[in-house]
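Just one chain follows, in the form predicted on its own, and it is written as structure tokens.
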């Protein structure tokens, strides 16, 4: 039996270099759309096995790692929310919808502040990698229905649990009315995503600014994380004078919500918020603006000679 051909690219988006892209504008002449994406998650103590990945690094049930994540829901998330609320920065919550059942108090606090809820699956310990198509469809329906019941919001965005997806995920999301994905990590501007139906775009969700990668993998200090946020912002703000950029700060309450990390985090957000040509937006607001005003021009530019 011959081996299936291997792909060089995902085939979900086009390559268009920045000089050939149509100019992006944001509301009120902003250079940069800034959004903060807290991942509010539920990790099961003893999750079902999945061939794609063993969730815990220690044998199940892993009480230590479970307790570390649960610290985020019991303590860290409340600190993080207070910092953001004091600065007038709304969150776009990458939500494991199991939180709606296990910790509904967190969901109510986010809704009281006008935050967006988008999908991060049901549990952060269950992945779509080995689901059948019908299982994946049922999971997407469950997520959409749960967030609608809990908040009245229509889910517009998606980040796959543990950042795992498969070849059909984007098409299934588009079928269910999802308008933006955070799963692609490939640009500092929104881009059209190819789907069989509907209109979907990718919104920048930065792994480089993700507190898990900065703290747990790069082993950086809180002060260095704050400096990184400012440096990322300064460069994108400068480039945004030519064509609008997007900056995302993905957060995890069990990381950024530790007491010794709060001050540099608050200082960095305050630095961003003090600039006058910044749009403090939600993921859904960025996606709607882009889809309504820039999506068609971007598709046309990709199809043009040399695009």
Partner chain sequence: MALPESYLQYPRRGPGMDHDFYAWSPLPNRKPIRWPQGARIALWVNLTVEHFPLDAVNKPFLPPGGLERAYPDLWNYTLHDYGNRVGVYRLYRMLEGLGLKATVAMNAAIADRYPFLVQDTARRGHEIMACGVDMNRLHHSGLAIERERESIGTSVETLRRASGQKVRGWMSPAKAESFNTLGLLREHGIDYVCDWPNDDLPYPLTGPAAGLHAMPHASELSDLWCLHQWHHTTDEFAQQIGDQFRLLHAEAAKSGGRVMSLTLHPWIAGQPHRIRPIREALAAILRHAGVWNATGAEILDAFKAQPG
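Positions refer to the first chain, counted from 1. Since the structure is predicted, the reported quantities are computational estimates derived from the model, not experimental observations.
Note that the form predicted together with its partner chain isn't included here; everything after this is about it.
Trainee: Decide yes or no: are 138, 142 and 259 jointly within 4.5 Å of its partner chain in the predicted complex, with each residue judged by its heavy atoms?
Mentor: Verified in the predicted complex; spot residues all in contact, yes.
Trainee: With the partner removed from view, which of 171 to 179, 86 to 94, 191 to 199, 101 to 109 is the stretch that lies within 4.5 Å of its partner chain in the predicted complex, judged by heavy atom distances?
Mentor: It is 101 to 109 that comes within 4.5 Å of the partner.
Trainee: Give a yes/no on whether residue 271 approaches its partner chain to within 4.5 Å in the predicted complex, heavy atoms considered.
Mentor: No, residue 271 stays farther than 4.5 Å from its partner chain in the predicted complex.
Trainee: Since only the chain is shown here, I'm wondering whether residue 226 would be in contact with its partner chain in the predicted complex (any heavy atom pair within 4.5 Å).
Mentor: No - in the predicted complex, heavy atoms of residue 226 and its partner chain never come within 4.5 Å of each other.
Trainee: Taking heavy atoms and a 4.5 Å cut-off, does residue 162 contact its partner chain in the predicted complex?
Mentor: No, no contact at 4.5 Å.
Trainee: Would you please decide whether residue 78 lies within 4.5 angstroms of its partner chain in the predicted complex, comparing each non-hydrogen atom pair?
Mentor: Yes - in the predicted complex, heavy atoms of residue 78 and its partner chain come within 4.5 Å of each other.
Trainee: Within 4.5 Å of its partner chain in the predicted complex, heavy atoms considered, which of 236, 122, 209, 184?
Mentor: By the 4.5 Å heavy-atom cutoff, the listed residue in contact is 122.
Trainee: To verify the annotation, which of these, 231, 213, 113, 129, has a non-hydrogen atom within 4.5 Å of its partner chain in the predicted complex?
Mentor: So the residue touching its partner chain in the predicted complex, by this definition, is 129.
Trainee: Select from 28 to 49 the residues with a non-hydrogen atom within 4.5 Å of its partner chain in the predicted complex and write them out in sequence order.
Mentor: Sequence-ordered list: 42, 43, 44, 45, 46, 48, 49.
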